[in-house]
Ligand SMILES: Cc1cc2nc3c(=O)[nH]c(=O)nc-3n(C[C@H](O)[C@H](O)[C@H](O)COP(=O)(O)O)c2cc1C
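First, one chain by itself: the form predicted alone, in structure tokens.
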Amino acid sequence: MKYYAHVTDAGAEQSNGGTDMKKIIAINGSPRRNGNTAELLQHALRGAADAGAETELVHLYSLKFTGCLSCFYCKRKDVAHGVCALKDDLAPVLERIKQADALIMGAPIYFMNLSAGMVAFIERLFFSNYIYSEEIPTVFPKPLPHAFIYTMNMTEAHVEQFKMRERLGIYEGSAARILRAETKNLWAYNTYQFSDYSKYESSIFNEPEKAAYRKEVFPKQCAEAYEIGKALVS
């Protein structure tokens, strides 16, 4: 079974005549392969591809893996730092990220946090490249430009009310430190969750208002994602 997909509909496989082509990997932390998060990631990768990069989209929920098991193998003095001991479907993805030129992490917000799959991914990537040293805070092999794309049912007002920027800022701060590069982000608020709201108990929402918001705003968010992907290449 193939657990990751190369994006080919945006020119990702084009050749540049043998010169070094930048590689951008996007991580879909949503269980939906065609939902809001995946769609925004696709636009980001199209931007990267149009800027001349090779792109790859990884669907986390198609992989069999766990979060960190706190075995501390990555901290031992008798082994190479930056290597997670777990050998599962995520292991080769982590190695490909080390060879990449940029990383985009997309995740829906579930119950005031990143999806469980994305949190597990971050544990594995970040902790294995962090060692307990004041002099060497990260052993990631090179600066890796990166971005977070968040999708959520919350409105922008809810984000401020529940201090979500501060909550998720912890991940962004860790990313900047471990990956040695500035963090970009995109916040997609007030997402349209169901294809048919009448089938679900969702009386706290005004479905026509959400549909109108998506029609007006989501295309702008897709364009913003495209520009993020393009900027990561340059």
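Keep in mind that this is a model prediction, so the values were computed, not measured. When you see a residue number, it is the position in the sequence shown, counting from 1.
Another form exists, predicted in complex with the named molecule; not displayed. Remarks below refer to it.
Enquirer: Have a look at 112, 91, 139, 71 for me and say which one sits with a heavy atom within 4.5 Å of the named molecule in the predicted complex.
Expert: If I apply the 4.5 Å criterion carefully, the residue I get is 112.
Enquirer: Going by heavy atom distances of 4.5 angstroms or less, which of 66, 193, 62, 202 would be at the interface with the named molecule in the predicted complex?
Expert: Selected option: 193.
Enquirer: Taking heavy atoms and a 4.5 Å cut-off, does residue 128 contact the named molecule in the predicted complex?
Expert: Residue 128 lies outside the contact set for the named molecule.
Enquirer: Examine residue 55 and determine whether its closest non-hydrogen atom to the named molecule in the predicted complex is within 4.5 angstroms.
Expert: Residue 55 lies outside the contact set for the named molecule.
Enquirer: Look up in the predicted complex whether residue 152 has a non-hydrogen atom within 4.5 angstroms of the named molecule, and give yes or no.
Expert: Residue 152: yes, in contact with the named molecule in the predicted complex.
Enquirer: Does any part of residue 117 reach within 4.5 Å of the named molecule in the predicted complex? Heavy atoms only, please.
Expert: Residue 117 lies outside the contact set for the named molecule.
Enquirer: Determine which one of 91-99, 78-86, 119-127, 144-152 lies within 4.5 Å of the named molecule in the predicted complex, judging by heavy atom distances; exactly one does.
Expert: Selected range: 144-152.
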